[in-house]
Ligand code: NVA
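Before any questions on how it binds or moves, here is one chain, the form predicted on its own, in structure tokens.
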Amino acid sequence: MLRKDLISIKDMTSREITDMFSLADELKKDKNKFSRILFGKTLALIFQKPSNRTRVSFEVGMYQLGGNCVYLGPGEINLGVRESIKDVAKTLSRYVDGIVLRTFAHENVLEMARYASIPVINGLSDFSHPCQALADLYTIREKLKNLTDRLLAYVGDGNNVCHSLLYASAKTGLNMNAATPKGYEPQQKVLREAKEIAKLKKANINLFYDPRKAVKDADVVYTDVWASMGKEDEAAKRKEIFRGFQVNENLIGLAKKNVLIMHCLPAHRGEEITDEVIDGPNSIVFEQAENRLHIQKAILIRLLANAREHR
């Protein structure tokens, strides 16, 4: 069983990750399996940022497991302004059985978990996106049968998704190359920690400034938007800086012949990825999106099914 919260993949053990994948396998084979396991339980979704996959997968997941969701958008709480995170955490702990927080600052997730007596799940922060990376590696494992001796090449911004992929790859023994422009690298601490963890798994983590070097002989090529939510004012500047980091047919031609193409979505087609690639025969982008549901259900079972009573 996982610890109380899911804040970052850094906090998970390799065994917890593989157990999560095994549970997701069961849930994917039979969507009605464990259909009553969360009966009577309610999940609060506190979203400061818009969402498609995260919101829908958690809402559908709770429904398929017999539970219920309450959505609290930016206007309902105005987290940290209308009401302190501490007070929200303490109040909701009396009403619901778990919280998913999708927020700007990672400190908000840490503070929510600090004061909540119920499980808190990071639905996205500026530092980490653990639910996404778990679904991503689950998808790679599903397609390639194993993660060891495989190479994931991430091309683009060294953002929250990149951070979570670095930790997840290191803990599962997946080799990973990250290619970013200078000045847009993942945090040095994350890169250093991922490299140290990867050594124990006999895997390699590397940073490149040339995407062509990063994707050479890769089994998987992954990209994300160049300007994440909260960085919209930098979009024009980033478009120029990242121009050479577009995932197109020329770039993926340097990878393995049957390279898998991934994107966490939403995609800005024609910017970080071309239509030909995202819609091409090697793309598994929408299977990747589907797997958010199965992984989310596994997370909910692990955290909520046996959570101690809080009332």
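None of these values were measured; they are calculated from a predicted model. Start at 1 with the first residue shown and count on from there.
One more form of this protein exists, namely the form predicted in complex with this ligand; it is left out here, but the text below deals with it.
None of 176 to 184, 68 to 76, 121 to 129, 81 to 89 except one has non-hydrogen atoms within 4.5 angstroms of this ligand in the predicted bound form; the exception is 121 to 129. Within 4.5 Å of this ligand in the predicted bound form, a heavy atom is found for every one of Asn160, Val225 and Ser228. Using a 4.5 Å cutoff between non-hydrogen atoms, Ile284 does not count as a contact of this ligand in the predicted bound form. This ligand in the predicted bound form comes within 4.5 Å of no heavy atom belonging to Ile37.
This ligand in the predicted bound form comes within 4.5 Å of a heavy atom belonging to Pro266.
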